[in-house]
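Next comes just one chain, in structure tokens: the form predicted alone.
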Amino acid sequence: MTTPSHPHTQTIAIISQKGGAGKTTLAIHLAAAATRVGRISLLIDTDPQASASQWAEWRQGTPPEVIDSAPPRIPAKIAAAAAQGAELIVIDTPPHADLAASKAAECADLVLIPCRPSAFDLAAMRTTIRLVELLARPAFVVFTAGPPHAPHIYADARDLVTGFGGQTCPIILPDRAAYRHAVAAGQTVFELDPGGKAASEFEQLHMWGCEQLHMSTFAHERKSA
């Protein structure tokens, strides 16, 4: 399997075979986090429900840009965006859609698998881990929508993921009302509550993602200068 061939553009695919894992919320905020630090970011919405596209309409042109795509068109959309200077592309995929998940993962430099720390979600996540293993893509499970203060639950979930042969992201995104309020208003948690816990957690996740992708931190330094 060849690797993505756009050296100045990094792509993150958000995939999960189970619904309700928070894929769109994760995709929206990763693209927004990149925009906040001065990077040109794009979100590709492959979900027929078009939740990310609806959110973008509510924003009335405020970045990040969101475009839709049928799964077979993902490589062409990435190539066009890369040619126009996109630095980070995030792909949001629907649940229970092997074609979209496979095509997104195939085109990605990094795959993130959002997963609630529950038995049913963890069991379903095994299918996604097998998929990215077949495609030989670096992939991490991101725990989402769980209780904010439950270290033993997350520790047990990490052990299960390790047992499945997967890796886990060290940043946890617990259930917070800020996500629901922000998305419903066409915003991000950075805009709704920039000093809140949700915004801080996504800033940490974005920085961690940049490290995995070997992206420079110049944008962050420029933002804080």
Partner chain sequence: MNRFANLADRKPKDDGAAPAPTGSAPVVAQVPTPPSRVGRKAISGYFVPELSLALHTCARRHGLSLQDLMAEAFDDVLRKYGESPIGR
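Source: prediction; values computed, not measured. Positions refer to the first chain, counted from 1.
One more form of this protein should be noted, the form predicted together with the partner chain, which is absent from this view; the next part is about it.
Chemist: Taking 4.5 angstroms as the cut-off for heavy atoms, does P151 touch the partner chain in the predicted complex?
Modeler: Taking the distances in the predicted complex, the answer for P151 is no, it never comes within 4.5 Å of the partner chain.
Chemist: Can you work out whether D68 and the partner chain are in contact in the predicted complex, taking contact to mean some heavy atom pair no more than 4.5 Å apart?
Modeler: Close contact exists here: in the predicted complex, D68 approaches the partner chain to within 4.5 Å, heavy atoms only.
Chemist: Is there a non-hydrogen atom of D109 within 4.5 angstroms of a non-hydrogen atom of the partner chain in the predicted complex?
Modeler: D109: no, not in contact with the partner chain in the predicted complex.
Chemist: Can you check whether R116 is within 4.5 Å of the partner chain in the predicted complex, heavy atom basis?
Modeler: Looking in the predicted complex, residue contacts with the partner chain do not include R116, since no heavy atom lies within 4.5 Å.
Chemist: Though the partner chain is not shown, can you say which of V161, A50, I171, A178 has a heavy atom within 4.5 Å of it in the predicted complex?
Modeler: None of the other options qualify; the answer is A50.
Chemist: With the partner chain left out of view, choose which of G186, G196, G38, P63 has a non-hydrogen atom within 4.5 angstroms of it in the predicted complex.
Modeler: Going through each option in turn, the one that passes is P63.
Chemist: Enumerate the residues of 65-91 that have a non-hydrogen atom within 4.5 Å of the partner chain in the predicted complex, in sequence order, or give none.
Modeler: Sequence-ordered list: E65, I67, D68, S69, A70, R73, K77, A80, A81, Q84, G85, A86.
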